[in-house]
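Encoded as structure tokens, the following chain is the form predicted on its own, with no partner shown.
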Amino acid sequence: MKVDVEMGGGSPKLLERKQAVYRNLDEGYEIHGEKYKGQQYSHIYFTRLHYMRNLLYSLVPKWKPNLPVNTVLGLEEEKECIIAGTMYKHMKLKPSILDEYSKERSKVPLVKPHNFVHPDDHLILEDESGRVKLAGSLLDPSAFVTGIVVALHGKETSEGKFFVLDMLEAGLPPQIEQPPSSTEDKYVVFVSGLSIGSSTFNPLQFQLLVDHITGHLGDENEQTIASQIVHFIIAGNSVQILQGLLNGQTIAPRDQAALTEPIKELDILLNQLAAAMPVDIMPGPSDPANFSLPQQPLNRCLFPGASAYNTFISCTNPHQFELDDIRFLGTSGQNIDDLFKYSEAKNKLEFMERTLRWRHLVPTAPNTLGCYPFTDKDPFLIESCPHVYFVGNQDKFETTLLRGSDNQSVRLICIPKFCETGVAVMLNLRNLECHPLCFSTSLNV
């Protein structure tokens, strides 16, 4: 992994690529030995409720030390107490397969294409004993989704509702101590939404990125920076296969090339990257992987060229790892895109912050986002706060530094779709500062 730089006198200067200690933490997302036996999703909800409720109960004495803790069934009218449970959001516009067969369908108002939030939505809290409708102005239904676990302070009204006076979320989880600040720069590059095979994919644009970070473009200063890139992350939607070809019918020989060509082209590009640095590739919704979360690693047989390198790592989605003791957690974007459909926030970064405060990476699974029906665990619970939290396939690059009440510090990153924006993201491990890398093949720029 060396880069040659032409000096003024014509003699090449050899740059050694910097290294970082890598540790893959995807084991919790890998499905080994699990067999589907017709189990329902009640198990994963029960596991989530049990874990989160115990956590919230441990915080109650400091939050409301003099109030009793009740179950939903144990509520008494006009008596203040605390209840903890799973939130359910009743949504008037939530799509239902039954609507397609309903004679009343024409009476349902037209749904906004991007969001199913309606002013008449309301919240319900449920535990093993029962469920109760929530009342009061403290909670705005548009900011919540089905599946999160919270503790509520309030009282039962004469109408049988629970009037909410205060709410307790789990908050950011504990964070492992960040290693002492290094004096040398090391960079991680993120990219997502390559969509090779789609009409928007520009081969030259991505080749410019590959050549830049592998040290084949730019002056001596830029090549020195390129030699400090220690890892490359591809966060989903690397290829775009025409869905019309995947209809269950036998594929004609002329269509087989259209099906395999995007993957072959991706392998050629990965081959160049893996020859220069460690590369992690995560599956996304458009990639040839299982649909439901957690998505399992793309089969290495798809990439015969890149798989020859031990620097090529096919990962799960979500993906968790450490570089020089800095913990990363990320997804290909499905969790945030689903929150965008069923709740509202000022930007995607606020959705990311909410998942950390709720301590759940995919709160809408399995209600509106497919996931595997685990029976003894909920792998999406966030037990340790990452230092870097990223999501791929977003509309634009956004970033902020989130700070928690216990001195947690998290760099949030929205990685834009490269095929539409030509933007990758570069993160400095020394100080967790990040900036976009912009590439364009237009002569008008």
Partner chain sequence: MASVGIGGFYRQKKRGGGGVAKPNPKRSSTGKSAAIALSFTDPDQSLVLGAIAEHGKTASAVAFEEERLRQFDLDMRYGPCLGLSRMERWDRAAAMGLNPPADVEAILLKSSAAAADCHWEGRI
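Note that the structure is predicted; figures quoted are calculated from it, not measured. Positions refer to the first chain, counted from 1.
This next part talks about the form predicted together with its partner chain, which is not shown.
Though only this chain appears here, would residue 128 touch its partner chain in the predicted bound form if you measure heavy atom gaps against 4.5 Å? Judged by the heavy-atom cut-off of 4.5 Å, residue 128 is in contact with its partner chain in the predicted bound form.
Spell out, yes or no, whether the shortest heavy atom distance between residue 376 and its partner chain in the predicted bound form is within 4.5 Å. Although its partner chain is absent here, residue 376 would touch it in the predicted bound form, with heavy atoms inside 4.5 Å.
Are any of the heavy atoms in residue 37 no more than 4.5 Å from a heavy atom of its partner chain in the predicted bound form? Yes - in the predicted bound form, heavy atoms of residue 37 and its partner chain come within 4.5 Å of each other.
With a 4.5 Å heavy atom cut-off, would you call residue 64 a contact of its partner chain in the predicted bound form? Residue 64 lies outside the contact set for its partner chain.
Report the residue, out of 409, 399, 47, 70, that has at least one non-hydrogen atom within 4.5 angstroms of its partner chain in the predicted bound form. Partner contact (heavy atom, 4.5 Å) among the options: 47.
If contact means any heavy atom within 4.5 Å, which of 23 to 31, 37 to 45, 389 to 397, 55 to 63 contacts its partner chain in the predicted bound form? Stretch with heavy atoms near the partner: 37 to 45.
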